[in-house]
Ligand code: PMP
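So this first bit is one chain, no partners, the form predicted on its own, shown in structure tokens.
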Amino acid sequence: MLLLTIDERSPQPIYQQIIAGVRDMIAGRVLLPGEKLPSTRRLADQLAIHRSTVATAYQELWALGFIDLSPGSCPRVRDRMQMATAADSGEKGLIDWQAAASPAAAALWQAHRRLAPSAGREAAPAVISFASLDMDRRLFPLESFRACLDRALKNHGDALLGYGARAGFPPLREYLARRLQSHGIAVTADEILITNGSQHGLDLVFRMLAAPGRAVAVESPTYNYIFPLLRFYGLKPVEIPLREGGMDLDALAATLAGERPALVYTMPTFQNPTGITTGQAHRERLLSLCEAHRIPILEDGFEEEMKYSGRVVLPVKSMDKRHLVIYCGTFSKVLFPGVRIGWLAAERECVERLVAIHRFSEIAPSTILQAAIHEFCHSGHYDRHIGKMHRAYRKRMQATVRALHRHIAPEWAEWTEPSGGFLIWLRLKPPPRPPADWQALLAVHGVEAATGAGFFCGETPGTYLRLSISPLDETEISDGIRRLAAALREAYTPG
């Protein structure tokens, strides 16, 4: 028996009390390496608490390296190297970094800590995770890319080891200009800036427009990393409701008439988190509204290449004759995220200003990786890889939809089938006894998903789960949906 004391009157959450108690026992050698801990059910019964609370504590102890979790067996104390660190000894340095940091940096730190459990670490081995938008490493074209990296170094030599062009490797910018033309976007290489992934591109645009109190119109829900970044730069997010066909343009028109935002941020193709793709008429009206008010549009095309069924709708940027639209793209969601290469396409004057901001924060981009990506694309590997990804994820999305229809009762949730990308947005119906913590309930059943609250700036109008299939194959998806169904059955079964 694990002799833990729980104080229900303590302001410290119960799961944290469990973590602290187990850590103290390990540090005091009361619990030895290899020793078994009680199962989640047994410890929950012993402490007269919910099983999901114990599961949350065990997940955290696993992430911190104190215990091992294996499917079908009890947790065991991990054999950790005993290293004396300042954190272990409780010693603090001379600087109080929370007090020393600016209010904006302190707020960003808090946002990082909130997002870290679902986005900043891998799931436990026993858990199937729909929470991450990481890519399936089993699909990485590793050998082809290694050969392209070798050829890039051989062909360009020490030229790749200098600072390089401020806007990025010129041959890659020329390739991207040609490729964007296949999406109807007429730009030149001088109108493209290579970035360290799409997140860096968004950051550069916000820095260019940042001024305390300025507003930015965003879809609601939207990409959850946007809100902390906007607040860091003193920008105020103005949420525009997202309907079945995309951003509510009547609501946007009312916002533009009453307040002049610095920017409209939108994801018209496979929107994160909903997976929605807007139609041609919607895109034309969005552009017309912003033209009438002279408001720039930041179009996030992070999954533009992942259209694998249905009719293709061209980006808003393809209709942009008056240079309002800044288009943001990336290789991360088709190729692999580790190379951190994306791009911004905009009017030349806009790009020049973005290059200036980039120069004084990073001096110059990584030319070696850009040259390797160019070699990969120029050699035809990229188009072949996209075909492979389309075939793989068409099957995976079909498997997801089949599993949802088979296992998720219509009285529990509803969803819309996307025509590409990696995301499905579940709207959960009100359960008879809502769980206190949806993540903890899912963890008990060995599954993980991103809950909806983080994708809204204000109050969440309901309960949502975002399912990402990007790191999972068909077998893992089917098993994960079954586990999700078991968790929902527990929540929706009157007890």
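One-based numbering along the sequence shown. Not measured: the values here are computed from a predicted model.
Another form exists, predicted in complex with the named molecule; not displayed. Remarks below refer to it.
* Asked: Would you say all of R243, W415 and F456 touch the named molecule in the predicted complex, counting a heavy atom within 4.5 Å as a touch?
  -> Not one of the three qualifies.
* Asked: Ok, T278, S419, Q199, S318: which has a heavy atom sitting within 4.5 Å of the named molecule in the predicted complex?
  -> When the named molecule is considered in the predicted complex, the option within 4.5 Å is Q199.
* Asked: in the predicted complex, which of the listed residues (Y327, F130, F169, F302) lies with a heavy atom within 4.5 Å of the named molecule?
  -> It is F302 that has a heavy atom within 4.5 Å of the partner.
* Of 332 to 340, 389 to 397, 148 to 156, 346 to 354, which is the one stretch near the named molecule in the predicted complex, taking non-hydrogen atoms within 4.5 angstroms as near? -> Among the listed stretches, the partner-contacting one is 332 to 340.
* Does I192 reach the named molecule in the predicted complex, with heavy atoms at most 4.5 Å apart? -> Contact check for I192: no, nothing within 4.5 Å of the named molecule in the predicted complex.
* So in the predicted complex, does any heavy atom of Y223 sit within 4.5 Å of the named molecule? -> Y223 belongs to the contact set for the named molecule.
* Wondering, does N272 line up within 4.5 Å of the named molecule in the predicted complex on heavy atoms? -> It does: once the named molecule is placed as it appears in the predicted complex, N272 has a heavy atom within 4.5 Å of it.
* Do W425 and the named molecule come within 4.5 Å of each other in the predicted complex, heavy atoms counted? -> Outside the cut-off, so no.
* To do: Enumerate the residues of 236 to 265 that have a non-hydrogen atom within 4.5 Å of the named molecule in the predicted complex, in sequence order, or give none.
  => Sequence-ordered list has one entry, Y265.
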